[in-house]
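Only one chain is included here, represented as structure tokens and corresponding to the form predicted alone.
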């Protein structure tokens, strides 16, 4: 028990230092401001009256900005905090102490993941305020014109933000895997970005190769290869969760959360497996 607590404390110490180091980066502050500006851009649509369609446009705009800039952070930050240790040779004395390599890698990941959570919370708050203000204005206009007021679920927005945090965690875990064997910052960023793109398009690829006119071996191969990589599109539940009265069945939400919870430890384990035999 004491050994287990020691391992967790060392990994936690590395995570805290990683969080502080990454939060100090101007790159993080720049993307937070850029994402918040994009999420709040719906305020300029107040001069128009598109009813519920306008609210959907504002939501889609904010959801897209949250994932776009969050994915950029999830791709760049793991490589940045990892190779800063390698290039400055500070990883050598750290790993020479009783710090195992899996603790080092786990600390780096969780430090970045917590910071991504801060990013999601900040953008979620900005988007929630913008949606609530605009929904209130549209509700007043709907009463005056006899139309139905638009629906908005704050709880659905909270659930969506949690799913996006898990989604960005999967992207960051991909970055940890690539960093575990990569030899340069640029290589790690490019390969991680390509891997994230493949994961984002996985669902479309499976549909394309699962057509009835495709050969049987092609469908089997596509299905098997598809299960080897996470599907980032399963987390795209923002509009039904936030703007549709029926919402999304909890089975669908649980399936998306379970999908991310399954791939996170698998990817981290793969990264540790690569990193154990790496020469530093």
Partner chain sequence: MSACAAIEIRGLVKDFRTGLRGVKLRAVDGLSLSVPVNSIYGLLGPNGSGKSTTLKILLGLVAPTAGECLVLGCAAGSVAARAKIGFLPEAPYFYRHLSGRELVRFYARMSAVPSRVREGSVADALELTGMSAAADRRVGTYSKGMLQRIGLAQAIVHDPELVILDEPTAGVDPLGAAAIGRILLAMRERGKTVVLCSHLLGQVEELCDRVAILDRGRLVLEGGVAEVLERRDERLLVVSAWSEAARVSVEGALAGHGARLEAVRAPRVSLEQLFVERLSRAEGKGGEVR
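Numbering follows the first chain given and starts at 1. These numbers were taken from a predicted model, which means no experiment stands behind them.
Unshown form predicted together with the partner chain; subsequent notes refer to it.
Of the stretches 83-91, 156-164, 132-140, 182-190, only 83-91 has residues with a heavy atom within 4.5 Å of the partner chain in the predicted bound form.
Interface membership of residue 95, defined by any non-hydrogen atom within 4.5 Å of the partner chain in the predicted bound form, is confirmed.
Although the partner is absent from this view, residue 262 stays clear of the partner chain in the predicted bound form, with no non-hydrogen atom inside 4.5 angstroms. At a distance threshold of 4.5 angstroms between non-hydrogen atoms, residue 14 is in contact with the partner chain in the predicted bound form. At the 4.5 Å threshold, heavy atoms of residue 99 reach the partner chain in the predicted bound form. Applying a 4.5 Å heavy atom cutoff to the partner chain in the predicted bound form picks out 10, 13, 14, 17, 20, 21, 24 from 9-31, in order along the sequence.
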